[in-house]
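Let's start with one chain on its own, the form predicted on its own, as structure tokens.
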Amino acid sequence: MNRSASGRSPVLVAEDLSVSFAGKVALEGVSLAIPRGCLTALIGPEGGGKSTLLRSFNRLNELTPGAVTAGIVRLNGVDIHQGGVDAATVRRKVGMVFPEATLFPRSIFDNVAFGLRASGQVEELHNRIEEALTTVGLWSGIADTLDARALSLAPGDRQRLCFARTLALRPEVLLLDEPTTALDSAATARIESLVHGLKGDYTIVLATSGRRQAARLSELTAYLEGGELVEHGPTETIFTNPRDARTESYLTGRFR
């Protein structure tokens, strides 16, 4: 699997990937390439395997007791599970934003600085934080209140702060797990605008239950159901001419 469907070389590749939790299969035999500089959407019904696949790309599944992974995940050609590969290093290169804002009961500044300090990247700390907050559109509004509690921010701004904390580490890949599911329509639009602006600068994998969100944002789409990768390809093709009847049923709202 040397080239992606888009013609770009892949950053992440899953090869015959299976994941189970306490004996219950969550993913089975998934093979998928994530092209460099593209936004790939993972869609499908709840429990279909979207989040599990996403978490496989930066070794988060292994933090769950009883998790068992088989198969291979490669980052820039290197098997991330092979001996000598540090999980923390993988997670700095492959950053993640979760469905709800995961903030610490600390200041805005300390929240963004957390990953940088934890990884020993304290040179130009203030510049890195300003850069990240500017990218997510928060700097102009909070530059004078960085000592304020992060939890005092509005929900949409909290989520953008989580984006900033991830971006401050300058990852190569962004994993977005339902990043707007807890937000109202206005905050969702701001996050989608942010994600659109990040396209091209990052390789992005977006797990979303929003069909329209996937259609608006992604270049490639993968449909998962029952832990199986049913099909994947260019978003326009998946949405207008899916090969598999299961994909069509999901996209047309007939899924049961």
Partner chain sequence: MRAARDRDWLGGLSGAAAVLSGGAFLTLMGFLLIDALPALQLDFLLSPSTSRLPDGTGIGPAVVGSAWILLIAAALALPVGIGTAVYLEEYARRRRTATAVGRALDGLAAVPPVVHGVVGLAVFVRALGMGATILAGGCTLATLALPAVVSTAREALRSVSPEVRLAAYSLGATKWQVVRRELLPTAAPSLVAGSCLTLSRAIGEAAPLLVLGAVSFITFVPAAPGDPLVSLPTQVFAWTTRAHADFAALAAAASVALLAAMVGLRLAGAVLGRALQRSAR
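Positions refer to the first chain, counted from 1. Being a predicted model, the structure only gives us computed values, none of them experimental.
If you look for the form predicted together with its partner chain, you will not find it shown, but the lines that follow are about it.
Put simply, of 138, 103, 125, 146 only one has a heavy atom within 4.5 Å of its partner chain in the predicted complex, and it is 103. For the residues 133, 183, 73, 96, the 4.5 Å heavy atom test against its partner chain in the predicted complex is passed only by 96.
The putative spot formed by 39, 157 and 194 is not touched by its partner chain in the predicted complex; no residue has a non-hydrogen atom within 4.5 angstroms of it. Of the candidate stretches 219-227, 51-59, 185-193, 202-210, only 51-59 contains residues with a heavy atom within 4.5 Å of its partner chain in the predicted complex. Interface residue remark: residue 118 is counted as part of the site for its partner chain in the predicted complex, having a heavy atom within 4.5 Å. Although the partner is absent here, residue 88 sits close enough that one of its heavy atoms falls within 4.5 Å of its partner chain in the predicted complex.
Residue 109 falls outside the set of residues with a heavy atom inside 4.5 Å of its partner chain in the predicted complex.
At least one heavy atom of residue 169 is located within 4.5 Å of its partner chain in the predicted complex.
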